[in-house]
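To begin, one chain is listed below as structure tokens, in the form predicted alone.
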């Protein structure tokens, strides 16, 4: 009989993607409310250090699966390996954070087991002892509650920033190795180098500090003001869609429903009005600071701190203060 929750832990060369701890936090919350035990799984090769790190969280067991076919990620290998883990562990619920990697293999995994994946959720509630999940539709204009039906297991992923990974409870878990059978008949894909659009491309979902710029910057040449502030703060630079559509910054810097979803410790929004398409990509940030000359801009509704004024006066002043702190 299926029981418990298992969390997929993403990593690159043994370094845990911190977004995975958001799924751990979600599992801990759901588990405490439904009386289910939580476990985690890492797929790969030489994952001992990563497993030890995850084992410091409040989960019962950290399962490790090491196989030469898992040395580099492919959707084929991860699907087959994770499916065999699920068949051995028999969880009722499989939780993941909605990263690019999860988007790639999770639908294939769920379909291979004839299950449905409830992806990119922004919350949950418990009804009659079972979790009901909340998803955004129509680019965040509406939210709907969805309850998985059918036999276990149920596959669920949460949007990055829905939970605070740094608030996942500490503990001491058992580490247990599992074996899987993989061969060339089931792993047909050949792994290639991880994709980067440009030399300076960055996964903004991992950035602790982000300075993001919108149409209030007016001209491409003024982006340099934002770049100087980001450099002074040691932050990554990002943008709303219009900036990237105009090629003022690369597309990999776009935040929003058609770009990246981020949850940094600090998100500084400069000249961004706060259209819903942008907000869905950054609303999970721990602290949001907005600078905009329009006091009625929607961004102020979710900002922790707001500065109403001319960014061309405020940004240079902030940059100067940040540079003083570095000295």
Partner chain sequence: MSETGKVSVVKGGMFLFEGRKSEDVFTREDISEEQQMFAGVAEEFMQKEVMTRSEQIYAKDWPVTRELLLKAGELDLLRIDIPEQFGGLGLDKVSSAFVGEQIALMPSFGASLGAHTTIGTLPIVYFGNDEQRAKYLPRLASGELIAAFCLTEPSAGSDALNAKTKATLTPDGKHYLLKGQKMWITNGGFADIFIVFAKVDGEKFTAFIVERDHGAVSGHEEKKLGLDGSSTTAVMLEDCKVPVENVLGEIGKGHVVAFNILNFGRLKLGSRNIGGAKISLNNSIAYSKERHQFGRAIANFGLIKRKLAEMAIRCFVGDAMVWRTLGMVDKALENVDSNDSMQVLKAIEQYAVECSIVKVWTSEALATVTDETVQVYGGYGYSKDYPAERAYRDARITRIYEGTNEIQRILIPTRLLKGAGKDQLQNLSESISDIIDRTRIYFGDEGVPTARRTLKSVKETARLALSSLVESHGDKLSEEQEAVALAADIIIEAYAIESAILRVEKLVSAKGADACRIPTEMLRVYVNDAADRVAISARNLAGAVKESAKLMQAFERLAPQTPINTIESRRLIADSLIESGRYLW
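Here the rigid core means the biggest group of C-alpha atoms that line up within 1.5 Å when the two forms are laid on top of each other. Positions refer to the first chain, counted from 1. Small disclaimer: the values here were computed from a predicted structure and weren't measured.
Keep in mind that the form predicted together with its partner chain is not shown, yet the notes after this line are about it.
- When its partner chain is considered in the model of the complex, residue 219 lines it closely, a heavy atom lying within 4.5 Å.
- Proximity of residue 13 to its partner chain in the model of the complex: non-hydrogen atoms within 4.5 Å are absent; the residue sits far from the partner.
- Heavy atoms of residue 293 reach within 4.5 Å of its partner chain in the model of the complex, making it an interface residue.
- Heavy atoms closer than or equal to 4.5 Å to its partner chain in the model of the complex belong, across 85-106, to no residue whatsoever.
- Residue displacement note: residue 248 has its CA displaced by at least 2 Å between this form and the one not shown (rigid core superposed).
- Core-superposed comparison between this form and the one not shown: the Cα of residue 307 travels 2 Å or more.
- The rigid-core alignment places the CA of residue 49 less than 2 Å apart between this form and the one not shown.
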